[in-house]
Ligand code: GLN
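Just the one chain here, laid out as structure tokens, in the form predicted on its own.
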């Protein structure tokens, strides 16, 4: 298992810290050539338009698109990462590219502006409850028939963590969490990767 964290912009260090706590030493991915070495990749939160542009200028976008299309890599997108994986971005910008491999429709910043960021309770697999951060979070407005909802907001039952094959995506930041078992979402990602 060779795990990478896309290290172009966003919350790279905290994802790396969670992986280290699970006994995994990840690679910080900054160039396209590193994509070929990976079995798993996390696209962290940040600003989706900026990450999209940096993916292209760093020659990563096309390499990762090919790996996603042939299903030879497991990927976990959080917040901006979810937007980059989504098939439909309802309020996307014209200059923003998406991989379009996750059959969901998302709306950027739907939980409000930065000042409205908050911790919210999320129920995972109808069992575990965690309390991660929602920071200018996207909202999943449509879930395709082949997409499984793994996590829902406790207050409204809306989907916030979904899976389609080797793709896992969250509207929230699982690396910013006040629950006791804050690394549970990363564990789910690594288990999915082994199953697929």
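Positions refer to the first chain, counted from 1. These numbers were taken from a predicted model, which means no experiment stands behind them.
Below, we turn to the form predicted together with the ligand, even though it does not appear here.
Engineer: Identify, from the list 60, 29, 130, 135, the residue with a heavy atom within 4.5 Å of the ligand in the model of the complex.
Structural biologist: So the residue touching the ligand in the model of the complex, by this definition, is 135.
Engineer: Under a 4.5 Å heavy atom criterion, is residue 186 part of the interface with the ligand in the model of the complex?
Structural biologist: Contact with the ligand, no.
Engineer: At 4.5 Å between heavy atoms, is residue 79 in contact with the ligand in the model of the complex?
Structural biologist: Residue 79: contacts the ligand in the model of the complex.
Engineer: Can residue 45 be called a contact residue for the ligand in the model of the complex at 4.5 Å between heavy atoms?
Structural biologist: Judged by the heavy-atom cut-off of 4.5 Å, residue 45 is in contact with the ligand in the model of the complex.
Engineer: So, in the model of the complex, is residue 106 in contact with the ligand at a 4.5 angstroms heavy atom limit?
Structural biologist: Flag for residue 106 set to no.
Engineer: At 4.5 Å between heavy atoms, only one of the stretches 47 to 55, 151 to 159, 65 to 73, 32 to 40 reaches the ligand in the model of the complex; which one is it?
Structural biologist: Correct option: 47 to 55.
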